[in-house]
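One chain comes next, on its own, written as structure tokens: the form predicted on its own.
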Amino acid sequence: MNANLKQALTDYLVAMADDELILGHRNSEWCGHAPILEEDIAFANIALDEIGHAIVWYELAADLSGEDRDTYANRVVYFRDAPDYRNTQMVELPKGDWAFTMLRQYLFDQFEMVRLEKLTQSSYASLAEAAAKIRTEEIYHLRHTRAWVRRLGLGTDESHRRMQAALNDLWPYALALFEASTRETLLIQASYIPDISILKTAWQVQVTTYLQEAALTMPTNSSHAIPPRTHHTEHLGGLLSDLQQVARLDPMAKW
């Protein structure tokens, strides 16, 4: 693997990991606050799964760099500042109400299922194996969030109103999941990753069909420009402050 291809793949893996880490952290904020006890437990487990998946992607990136896996993961998680993170803005937004959180998770879960299915066919064996393993857990995530989307969309007038408001707010951010970097062309040519346009088409068909079945109206104005992954909202800084504060008290400490 040449240096350009290696760097492109590293960037791709770190971006996937950052998405999972930040979303998992946002989801963990519901621990002790979910609407019912069973969901408190279930959603906490989903949050842990997302963070666990982030670790898998960080470890693959570490292997490419030749750095120790634990050292690499700790460095990139705890000692990067917000501008250096590569997550999409959707996952860093505040958790909002339960409708907002569930709809965001559904949109992301459906995206992951479409992408993971293709990544299992990657010519980069380590990536294909990791995608196959993670996909088995994501199947359960998607079932869970699909059920909540239907439950809230077809529930009371209030739950429907909140879901529609969440969809209107989240839709342009969700479309930003499909903003490809220029480096990804190298990965597509090497058959490491799928073409993002193929993923977007499949995702939109599945998401649009399901949301309409839940009595939700798809937003018609999707022209809101979302900056690239190198740009973040003001919310990421506060999240990272909470996430990193203990590690940064003593950067040389051994955990």
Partner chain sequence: MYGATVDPIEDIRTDEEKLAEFEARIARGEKIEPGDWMPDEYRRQLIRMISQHAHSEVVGMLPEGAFITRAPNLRRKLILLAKVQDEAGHGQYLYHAAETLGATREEMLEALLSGKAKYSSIFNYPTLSWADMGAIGWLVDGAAILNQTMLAKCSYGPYARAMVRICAEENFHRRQGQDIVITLALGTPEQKGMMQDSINRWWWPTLMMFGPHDTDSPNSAVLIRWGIKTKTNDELRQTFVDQTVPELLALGLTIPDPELRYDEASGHWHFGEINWDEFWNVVKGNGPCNAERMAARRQAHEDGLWVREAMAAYAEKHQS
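For clarity, every value in this text was computed on a predicted model and none was experimentally measured. Positions refer to the first chain, counted from 1.
In what follows, reference is made to the form predicted together with its partner chain, a form of this protein that is not presented.
K.L.:
Would you say all of Asn45, Asn74 and Asp97 touch its partner chain in the model of the complex, counting a heavy atom within 4.5 Å as a touch?
P.N.:
Yes.
K.L.:
Just to confirm, with a 4.5 Å cut-off on non-hydrogen atoms, which of Met218, Cys31, Val205, Ile198 contacts its partner chain in the model of the complex?
P.N.:
Only one option qualifies, and that one is Cys31.
K.L.:
Using heavy atoms and a 4.5 Å limit, would one call Pro172 a contact residue for its partner chain in the model of the complex?
P.N.:
So Pro172 does not count as contacting its partner chain.
K.L.:
Should Thr156 be counted as a contact of its partner chain in the model of the complex, where contact means heavy atoms within 4.5 Å?
P.N.:
Although its partner chain is absent here, Thr156 would touch it in the model of the complex, with heavy atoms inside 4.5 Å.
K.L.:
Given that its partner chain is not shown alongside this chain, does Arg162 nevertheless sit within 4.5 Å of it in the model of the complex, heavy atom to heavy atom?
P.N.:
Yes, Arg162 sits close enough to its partner chain in the model of the complex that at least one of its heavy atoms falls within 4.5 Å.
K.L.:
Within a 4.5 Å heavy atom cut-off, is Arg143 in contact with its partner chain in the model of the complex?
P.N.:
Arg143 lies outside the contact set for its partner chain.
K.L.:
Which one, 143 to 151, 178 to 186, 126 to 134, 107 to 115, holds residues whose non-hydrogen atoms are within 4.5 Å of its partner chain in the model of the complex?
P.N.:
Within 4.5 Å of the partner lies stretch 143 to 151.
K.L.:
Give, in sequence order, every residue of 230 to 245 that has a heavy atom within 4.5 Å of its partner chain in the model of the complex, or say none if there are no such residues.
P.N.:
The stretch touches the partner through Asp242, Leu243, Gln245.
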